[in-house]
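This document opens with one chain alone, in structure tokens, the form predicted on its own.
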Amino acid sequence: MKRWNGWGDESVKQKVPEGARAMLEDLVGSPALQQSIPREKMIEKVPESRLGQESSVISKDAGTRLDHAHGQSLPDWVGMRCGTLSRFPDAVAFPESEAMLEDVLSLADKEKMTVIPYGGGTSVVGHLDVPEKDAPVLSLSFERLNRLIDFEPESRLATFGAGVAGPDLEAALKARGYTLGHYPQSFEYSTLGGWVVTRSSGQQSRYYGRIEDLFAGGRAVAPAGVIEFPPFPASAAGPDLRQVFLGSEGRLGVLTRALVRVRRMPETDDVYGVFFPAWDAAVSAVRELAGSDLPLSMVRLSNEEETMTSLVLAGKDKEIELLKKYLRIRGLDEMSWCMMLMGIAGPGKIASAGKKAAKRIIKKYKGLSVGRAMGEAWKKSRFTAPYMRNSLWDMGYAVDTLETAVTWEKVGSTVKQIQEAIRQAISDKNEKVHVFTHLSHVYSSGSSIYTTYLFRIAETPEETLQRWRAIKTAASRAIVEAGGTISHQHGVGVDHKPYLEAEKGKPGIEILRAVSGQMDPGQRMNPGKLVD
């Protein structure tokens, strides 16, 4: 069963190793154990629905409304765990077909309801925040629009309902010998439609492509009408309307189905562990790998702080000690180790040749490969990392992430600026923050930067949110000042909205507003997200 006030399945628990507890107390301070409000108490806080009618498609059940009132952002966590969540949809709709969905939207238009599209509930930047409105708020769930509609092996196109979750999508394709290869961290619960409207990026996007590369066409329904996106291989017939809908975050209407470009399951799909003696050398190696034409599926480089933290959190003391001993023998200084995961995918012979070429680049920068064991371990646990957030919260530590992307000449300085901004953000409160970073998606022109930070939960939810806002604001300003995008893969929502104009410019924001006004004249589709 899905955990109602945290991440993932209730049966999955991540134990925090004793070594990690000691490390965190040393780096951040001793935490206070947290007590979370029971679900039944939260349900009591859900007010009476303002919607007059209920049906087999629309539910006013308080528990259902609670479950659709939040995502996975840190303010969402504070609201769920501390009982401060105060705004809830008046009802949740579960259409089972596109015709039903259009009927629901027609009803919403007639009743002047605000509509919030709901996919897997995994947003970390406030896409699902319920606005304060006089009119009723309807959460539009895509849970039942989740099937494979069509599969065309000749064109390598598959058509799915927008509500299909990652595991179900891949299972349907794997049965036919194909894959989409889109694996975001939220893969277990996030949906195809959600990936499209937030411009998602999967962990192996180097080989398979980001969602904008995979989204071939589909169908969207907006208050202004229905839009069809034909899956042309290419077109010069004016601006591509798919690109307008990509990243639209529910402001322009809802995607009901999507055609995606699929490929045969690769003959080889391996991940290798590599260690470098220092950060600068590691970044140089990654930059050269990114500029090559090798069949890389991913390159993920952790800085010194993340490498140390990952090894401690792994909790496998004997294995880690053997690894450390081996690295020391090979001349790598433990204080500056940087761990890299490198994926190779494709036809066997091409992958084998690519691996040899990649190893030559790694050796050039004094990197040391430790084989596939570390990569296989990562693949087995690649979607369980967010579960540690539950355990750390119970201990008294809040964890959040943010990300950006910059060109290569800015990577080193941007990492330093972001981490320093986060470390100093709550120092005036005599609080410390543990912060670490990895490069998770690399391109010939630059790289994404993914930063995680951990701090103590305060005695009151208000103070916890103040600490988070101070950190988030400081980091966001550092990103803008460094010339980075405010979001590489998480989208805009409400958390990143104040910084969007720095990237798009005033004319760009006005264009987005104009398109939103054209598609949704009443401005009732997910208002307050992306742009005002």
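Keep in mind it's a predicted model, so treat the numbers as computed, not measured. The numbering used is simple: start at 1 and walk along the sequence shown.
If you look for the form predicted in complex with a small molecule, you will not find it shown, but the lines that follow are about it.
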item: Sole residue of G218, P386, G343, G354 within 4.5 Å of the small molecule in the predicted complex, by heavy atom; value: P386
item: Options 468 to 476, 483 to 491, 54 to 62, 22 to 30; stretch whose heavy atom lies within 4.5 Å of the small molecule in the predicted complex; value: 483 to 491
item: Touches the small molecule in the predicted complex: L128 (any heavy atom, 4.5 Å); value: yes
item: Partner contact for P89 in the predicted complex: the small molecule, 4.5 angstroms, heavy atom; value: no
item: Partner contact for Q72 in the predicted complex: the small molecule, 4.5 angstroms, heavy atom; value: yes
item: The small molecule contact at V415 in the predicted complex, heavy atom, 4.5 Å; value: no
